[in-house]
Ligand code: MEV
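Before any questions on binding or motion, here is one chain by itself as structure tokens, the form predicted alone.
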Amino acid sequence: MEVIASAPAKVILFGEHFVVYGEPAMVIAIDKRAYAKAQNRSDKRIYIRSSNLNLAAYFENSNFKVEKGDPKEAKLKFEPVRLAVEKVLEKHGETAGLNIEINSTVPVAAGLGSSAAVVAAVTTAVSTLLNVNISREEVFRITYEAEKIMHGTPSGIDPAIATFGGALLFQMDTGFKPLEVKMDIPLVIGDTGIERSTRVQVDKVRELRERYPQIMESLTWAARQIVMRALEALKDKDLETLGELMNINHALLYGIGVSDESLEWLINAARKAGALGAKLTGAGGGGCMIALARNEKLEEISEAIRRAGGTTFIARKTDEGARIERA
């Protein structure tokens, strides 16, 4: 028997970095997904293979053995998956051997929530395979615990969007609020191809905040106003205003030092090609940018970003979170 499950990637439309200081961030799930196939094994090994990362390894008791790829990378990428599997096995009440095959279409370390999408998909596939009844809230909690291995103290944005899909407003003190978005949000995602560390970028902003507390407080206030105005634009199905707000939001992110040359090339190319708005998404310092566009302009903007050195794909909001593809 085998089960295949998937979970979506995400983009932060507004509010990254400022969310760390209690301000709201607006996030949507996109139709780019990570897939996980789970099968039973006759032994007690948890065997994990990632086709897109070219890694294969297994966990057995406290042993970890790499069969393909760099051992350090395999340990880093597979440890969150192992934790998720073990949480499901705890609920199952007995140990079991499993083959887990991961195939993700989401760029890694690019700010699109690839690791959370993988773990949410694995959790959903394994729990279904073993007939373990797990609620969506539990999928979220398991994914969040696994994300701590990768990111230290994650905000919870990535696990939430991978689990529930749709659009969310997130704030540290109040958590997640689902948003009802009745409009299409056509995006071009441009990937610089430069992997970056969220932690490094967050630390950089923290140091700036310590040096210039009053200035940073004003910028943080502005970031909140952008998100509040964006909520109105979404209700009004007003793409132009959303685009303008994305440009203003990017200016703030550039001001606090989290953009870089690789992102600026792509963002400027998108705007020149007719994007309504363009900004970095996620931590910055490489990774991805997003461009909002009318449908008839998507291909033209995509081509302009490619010419500027990025790899691109067109994405749309998806309302579906973690789901079973085949059982």
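All residue numbers are counted from 1 along the displayed sequence. Throughout, rigid core stands for the largest set of C-alpha atoms superposing within 1.5 Å between the two forms. Quantities reported herein were computed from a predicted structural model and do not represent experimental measurements.
The same protein also exists as the form predicted together with ligand MEV; that form is not shown, yet it is the one meant from here on.
Mapping the unseen interface onto this chain, Ile12 counts among the residues with a heavy atom inside 4.5 Å of ligand MEV in the model of the complex.
Contact between Val19 and ligand MEV in the model of the complex is found at the 4.5 Å heavy atom cutoff. Mapping the unseen interface onto this chain, Ala283 counts among the residues with a heavy atom inside 4.5 Å of ligand MEV in the model of the complex. Ile157 belongs to the set of residues with a heavy atom inside 4.5 Å of ligand MEV in the model of the complex. Between ligand MEV and the residues Thr128, Thr198, Thr220, Asn103, the one pair within 4.5 Å by heavy atoms in the model of the complex involves Thr198. Checking Leu169, Val202, Leu83, Ile149 for any heavy atom within 4.5 Å of ligand MEV in the model of the complex turns up a single hit: Val202.
In short, of 135-143, 210-218, 157-165, 224-232 it is 157-165 that has heavy atoms within 4.5 Å of ligand MEV in the model of the complex.
With the core superposed, Val20 shows a C-alpha displacement of at least 2 Å between the shown form and the other one.
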